[in-house]
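A single chain, nothing else alongside it, follows as structure tokens in the form predicted on its own.
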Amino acid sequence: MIELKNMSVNLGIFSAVRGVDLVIKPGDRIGVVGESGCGKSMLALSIMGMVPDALSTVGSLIVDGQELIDAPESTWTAHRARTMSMIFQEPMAALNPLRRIGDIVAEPLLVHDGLGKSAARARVIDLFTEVGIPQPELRLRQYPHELSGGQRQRVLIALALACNPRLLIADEPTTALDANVALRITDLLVELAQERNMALLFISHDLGAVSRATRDILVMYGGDIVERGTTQQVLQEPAHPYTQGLIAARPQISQTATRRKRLPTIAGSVPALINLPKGCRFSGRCPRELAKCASTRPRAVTTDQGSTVMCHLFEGGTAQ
């Protein structure tokens, strides 16, 4: 359905996303994880054709056999909402505070599907019911500030589903939600994807939510996909030092723990776009760094466990 070939998003000579190869098919559920600034949201925006004007997208992005990298905006508009749709971060910022939520969700139905106002209203009620918003007829006339955080997130999901897209991109869909609401939202997205045979690209810092929602996972750092494989395999047996650091930094609840321990962290922070190393982007923070890491980009290799990792440590097939 959607295929990315050596796709990069550049700001001049600097790459925010570098050399991504990815195939997304109906029913796929793919998680994308990494620290803030690693390129997760930029990858999503590039698939939607919504990268900022100052950046350029190169390579290949094929949707249903059609190349979209240099396509005009009218072509992208025809695909958005129908072929692919996106749940943006932070519901209060994504929803217009001056418009009623019924009008917000009805808009793509009026524009893309050509429905009349009565038909669009009925469809919005059906969508609100499908995503679990109580009293949907009453909610039509409410404004975003009148809803809870979980209800606003469900409105964004309804908006993204309005035109029956084949790919739903969820960018941090559980941000700022309490644990119980986040769990319900995660399960709802999985349920909707399964019912509609819809592909789901699930972007999150929450490894627990990713493990629950996805079957495959991409680990991003500095715009590179440094590790990929099945979610279970990568989270249980991480190969790349960066993936290992992310998983080690997760708080662990142990019934046998007798005293508090300091949570492991990854040294340093994600460098700015203009300061990214030429070779491995994780160079400078990696605890297992080799001499060539800073200057030579590693190639992607398949590990003995079946995941794909971009790391010089695995260039012989097994970790050195």
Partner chain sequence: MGYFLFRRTVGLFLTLFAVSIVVFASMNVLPGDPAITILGIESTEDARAVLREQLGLDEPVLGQYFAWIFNALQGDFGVSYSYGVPVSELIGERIPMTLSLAFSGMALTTTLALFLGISAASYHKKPGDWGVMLLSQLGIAIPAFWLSMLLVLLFAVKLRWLPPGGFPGWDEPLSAMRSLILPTVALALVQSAVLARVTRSSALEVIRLDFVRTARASGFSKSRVLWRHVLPNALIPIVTIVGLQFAALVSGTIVIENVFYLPGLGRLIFQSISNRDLFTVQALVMMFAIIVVLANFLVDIAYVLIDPRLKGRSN
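Numbering follows the first chain given and starts at 1. From a predicted model like this one, the values you see are computed outputs, not experimental measurements.
Separately, the form predicted in complex with the partner chain exists; it is not shown, and the next lines address it.
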Original post:
Going by heavy atoms within 4.5 Å, which of 233-241, 190-198, 117-125, 91-99 lines up against the partner chain in the model of the complex?
Top reply: 91-99
**OP:** Answer for Val111 alone: is it within 4.5 Å of the partner chain in the model of the complex, judged on heavy atom distances?
**Re:** yes
Original post:
Any of the heavy atoms of Ala81 lying within 4.5 Å of the partner chain in the model of the complex?
Top reply: yes
**OP:** Report yes if any heavy atom of Gly49 sits within 4.5 Å of a heavy atom of the partner chain in the model of the complex; otherwise report no.
**Re:** yes
Original post:
If you check in the model of the complex, is Ile217 within 4.5 Å of the partner chain, heavy atoms only?
Top reply: no
Original post:
Only one of Thr129, Asn180, Ser148, Thr77 has a non-hydrogen atom within 4.5 angstroms of the partner chain in the model of the complex; which is it?
Top reply: Thr77
**OP:** Could you tell me which one of Ala213, Ile185, Leu246, Leu156 places a heavy atom within 4.5 Å of the partner chain in the model of the complex?
**Re:** Leu156
